[in-house]
Every structure is written in C-alpha cells, then in structure tokens.
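Just one chain is shown here, as structure tokens, and it is the form predicted alone.
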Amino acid sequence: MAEMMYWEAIRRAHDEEMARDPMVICLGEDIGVAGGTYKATKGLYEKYGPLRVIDTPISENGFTGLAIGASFIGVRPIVEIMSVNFAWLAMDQIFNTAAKVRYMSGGQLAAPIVIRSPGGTAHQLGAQHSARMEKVFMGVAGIRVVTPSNPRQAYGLLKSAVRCDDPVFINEHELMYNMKGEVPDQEYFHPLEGSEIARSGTDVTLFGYNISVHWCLKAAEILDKQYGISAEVVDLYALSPLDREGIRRSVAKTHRAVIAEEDEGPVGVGAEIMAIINEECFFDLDAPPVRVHSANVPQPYNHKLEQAAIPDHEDVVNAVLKLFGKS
C-alpha cells in the first residue's frame, strides 16, 4: 500500500475519474495553470486541457451555478472553492438549486455535482479565512456532506462522490493537505455513509471528524498510558447523513461520550450528535455527554488568541477526566 499526502490522494482521484469518463471536468479559481492553491489539481491542466480543467474568475456563485447547470445535461463537475469562507457566495446555487432540483422536478433532473472546499483554522489567516461551515451544509436537506480525516478517505470519498447522483460537499481542512497516510494501490471507493472506529476502547467514546479525529487519537493514547482509561475513537467522516446506528452502538458499549469539533458549539455538529445520543442512548449513559469545541468568536488573527480559541487534544483529555471525576 502506497503512502501519499492528502493532496496527492485527492489529485489521484481527480486523475483517475477524468481518465475514465470524459464528462468529468473540474473548475475553480487557480485550479488550472497553477494546479490549485493546495495542489489538488496539479498537472491536470496539462493532461486534460482547458476545456476540462477550467480556471474561473473570482465568482463563486457564477462558476458553481455553471457547474450545476452542466450537471443537468450529463456533465460530472468537480468544483473547487478555494476556501469554504467563499462558499457563502455560492449558497443560493448550492442550497436552492443543487440540493432541491431532484425534488422540485419530480426526479426528472438531478445535480450530480461534487464541491470540494477546505475550511478550518490554519495559521493566522484571520476570521474571513478560518471558518468552519460544515454545520451549515449538513443542515440543508438534499446534499450529502463528507469530511475526510486521512489520505485514504480523501481519495476514496472523492471517487465515490464523482460516481454519486446526489450533490456531494467534501469538507477538507487547510492543515491536512500535507498529511501522509496509506492509500490502497488498487482503485478504492469509500462509502459516502457510515463511520469508522479509528481506535477501539471500552470506557468512553470520543467522537471526532476531520482534524478532530487526530486530537481524539492523541487524547486516547494519553488517557490509556497516564490514566488507564480505554477510549474508543469514532471517525464520523459522513456528516450528512450522520451514522446514527454507529453512534448508538459505540455509546451502548462505553456508556460515556465526548464530542470534539473545531467548529463553534452553538447549532453545530456536536449539538446534532448530542441530540442523537439523547434520543437513542439516554438509558445507556453513565454520565452526561460533553462537547469540546471552539470559542464562539470570529477567529482571531493574533496567534496566541487564535490558539486559545480552538481546542486540541489536551481539551479532549480534560473533558474525559471531568467525566470520570478526575479533574
């Protein structure tokens, strides 16, 4: 099994799907000649030409709408929105057209479009370039939302998304593009629904997605070595639909839950997971579930304030210790 970086895995998925199907195109700002801000389309412009790897103006609503329209007539567009913060500008096309067209047309039209975009806090990019918008996307019916936590998922989820007849939003993370990991040598399709147990445990479940899976894994290691607490880490790579059965199964096993996310807490992914636990696992719980999330402020530019606003593995450890009455 080959090791590759997160961006290389995404690029490989692009390349394979474009080689297989001439109707697969990609478009976005700087994805052509420049190969993408995070190199996810590097070399594809030279290989497939400007009609299939399309550099667009800074006009998110325009080029997203163009891609959605093309998808109505059989094109399979992959749209890269350079930063999820700019996706606000394309909301009308995504939420009002792509997500609804199948239902409004009685199944006569569909929008098999993939939208990839990185979010999250990188290094001093300021409030307008550090948003976490996954909760916004997962709150809209009619669109699938997935968020890969490693190169294998990044590769397999993009390939599955391109073949899916539903609109799919792939939430990546700006700090993860240079992360290395194993990717199958053979063609691999990752399910667009479900969850994965990233580490098995018996005493508490740590729910994470995207970058917070890695905080949970590091926290689980510390909890095991220093406190003798066995933590199970569940990777909720699919945010819409959420894996209700996977959540229920793990909480029924461990009887305690901590949910870790980089997003702000109010009306967030963690709030939805908390609701599922309350609805389906109430009598399995030995303690109230706990959320670990960002401060409810626009992300500060100042580095120390930036770091103070977002959680990390130490916050997850402290949340678990609090659950066990050890803090």
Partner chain sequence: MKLEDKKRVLREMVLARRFEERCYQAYMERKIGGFLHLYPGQEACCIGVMEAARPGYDYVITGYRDHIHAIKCGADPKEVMAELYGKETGSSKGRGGSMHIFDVKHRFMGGYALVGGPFPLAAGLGKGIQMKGGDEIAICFLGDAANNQGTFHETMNMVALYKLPVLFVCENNHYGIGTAIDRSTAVVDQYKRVCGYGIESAQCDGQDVEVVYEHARRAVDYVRSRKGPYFLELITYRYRGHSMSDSRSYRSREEEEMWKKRDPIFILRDRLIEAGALTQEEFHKLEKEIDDYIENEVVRFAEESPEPDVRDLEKYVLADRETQLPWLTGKVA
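Positions refer to the first chain, counted from 1. Model, not experiment: these values are computed from the prediction.
In what follows, reference is made to the form predicted together with its partner chain, a form of this protein that is not presented.
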* Would you check, heavy atoms only and a 4.5 Å threshold, whether E182 touches its partner chain in the predicted bound form? => no
* Asked: Hey, in the predicted bound form, is C164 touching its partner chain, heavy atoms inside 4.5 Å?
  -> yes
* Asked: Does any heavy atom of K42 come within 4.5 Å of a heavy atom of its partner chain in the predicted bound form?
  -> no
* Asked: Though only this chain appears here, would F63 touch its partner chain in the predicted bound form if you measure heavy atom gaps against 4.5 Å?
  -> yes
* Answer yes or no: in the predicted bound form, does its partner chain come within 4.5 Å of a heavy atom in every one of F72, G106 and L109? => yes
* Structure fact -> The one residue among I143, A220, A87, L242 placing a heavy atom within 4.5 Å of its partner chain in the predicted bound form is I143
* Asked: Only one of 88 to 96, 196 to 204, 221 to 229, 173 to 181 gets a heavy atom within 4.5 Å of its partner chain in the predicted bound form; which is it?
  -> 88 to 96
* Even though the chain is shown alone, can you say which residues of 176 to 215 have a heavy atom within 4.5 Å of its partner chain in the predicted bound form? -> F189, H190, P191, L192, E193
